[in-house]
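Just one chain follows, in the form predicted on its own, and it is written as structure tokens.
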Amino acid sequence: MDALARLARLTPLALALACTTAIAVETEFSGAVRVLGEHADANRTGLLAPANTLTQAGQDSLRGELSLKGRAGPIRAEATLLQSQNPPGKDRTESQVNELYWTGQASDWHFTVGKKIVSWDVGQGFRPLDVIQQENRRALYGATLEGVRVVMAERYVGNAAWSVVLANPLKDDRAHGQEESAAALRYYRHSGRADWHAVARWGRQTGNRGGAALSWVVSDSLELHGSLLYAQHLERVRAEGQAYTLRTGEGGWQSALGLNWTGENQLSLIAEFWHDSRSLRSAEWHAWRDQATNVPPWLPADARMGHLAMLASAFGNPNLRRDNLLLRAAWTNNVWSPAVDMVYTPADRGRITTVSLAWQGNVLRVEGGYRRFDGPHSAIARNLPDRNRAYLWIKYPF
């Protein structure tokens, strides 16, 4: 019964496509099935290792996904049904409407109403100007994003475009993150070899923010890009006693600077450095380490474990440290696509290294990867609940 109830949540997609039986409109329909397995090894030498059971470190999972995507005239929709076992033996069924929106046009204005994926900016590992979608670019593997409820108007004139967005207009004051009620204005212009971006945003909780970005194609093989944004308030993890909570706090800067080189043999290299003021300062991480290493020895074992488990809530920001360096190399031919990348945190010499390999057949696609959290014992990445994670998925589109 629970699975049927979850499946019923996908009816908006079915209704959007069913309108084709009543009126003659252009339609498209596609879907995919993906089976994904994930394995994790718990970090047995980190500062939080005694609390691995409470932090659910080292858990494996198996998941099946059914995604449906369609268009009927001006209505577009995409939804996903997920069946997972995490941990093994505990079934869970979920459904998600990724997109469901109407589009229309009047002269050179384009309008969108509904739930839509709205991704901006030019970065690879971090996108400061992604002020609507707020995508985590460092996820272990790709998945369809969940869109934002928007009322959007876009105007295209020559090589320039304006976008006006009302995001989550019906949300109350308590909504935060991607769910926050906000208004945004974006300007884009293509000039020669350069793409210019500028955004301004007001959020009900986080106030004002604004920034600009540039992507410059220097040659056929080299592209340079940079983004800079200042926010009046940012959602950040803050210490509250022994625990850390995600709340709206002081403002700060978010920036990224990088390059992308692609050779004739389809080898690509990316280098990118970014700063994120949402992350804890070095002094705050020192205080975190003191809390983890100075647990009163007279506490009962359960209390010690609970104390350390609460400290794991400090990992709530997408970027562990404020300054990060991404190095990535990837190669693609008609079938195989290997890649390796590393995020290095200069403040504590932490490393997050990921290797992946994808195979693309005529229809079927297979991808596997491995991520390791490493560095000296003082590095925050070295003290995450998991020491490494691996995944393998098979996808069949139809």
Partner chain sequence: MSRKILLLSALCLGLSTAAQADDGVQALLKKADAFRLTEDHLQVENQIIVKKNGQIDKDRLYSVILAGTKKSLVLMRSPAEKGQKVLMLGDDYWLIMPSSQRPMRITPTQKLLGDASTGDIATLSWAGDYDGKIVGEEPCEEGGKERCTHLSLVSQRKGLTYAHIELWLAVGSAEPARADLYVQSDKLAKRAKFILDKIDGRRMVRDMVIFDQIEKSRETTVRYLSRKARQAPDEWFNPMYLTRAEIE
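Nothing here was measured: the structure is a model prediction, and the numbers come from that model. Numbering follows the first chain given and starts at 1.
The same protein also has a form predicted in complex with the partner chain, omitted here; what follows describes it.
Although the partner is absent from this view, A161 contacts the partner chain in the predicted bound form, with a non-hydrogen atom inside 4.5 angstroms. At least one heavy atom of E154 is located within 4.5 Å of the partner chain in the predicted bound form. In the predicted bound form, the partner chain lies within 4.5 Å of some heavy atom of Q360. None of the heavy atoms of E240 is located within 4.5 Å of the partner chain in the predicted bound form. Residue S30 is the only one of S30, T53, T27, T45 with a heavy atom lying within 4.5 Å of the partner chain in the predicted bound form.
With the partner removed from view, the residue among T262, Q83, Q291, S277 that has a non-hydrogen atom within 4.5 Å of the partner chain in the predicted bound form turns out to be T262. The three marked residues, I117, W120 and D195, each reach the partner chain in the predicted bound form, with a heavy atom inside 4.5 Å.
With the partner chain omitted here, the record of contacts in the predicted bound form names 102-110 of 291-299, 102-110, 247-255, 202-210, defined by a heavy atom within 4.5 Å. In the predicted bound form, the residues of 211-246 lying within 4.5 Å of the partner chain by at least one heavy atom are, in order, S215, V217, S219, D220, S221, L222, E223.
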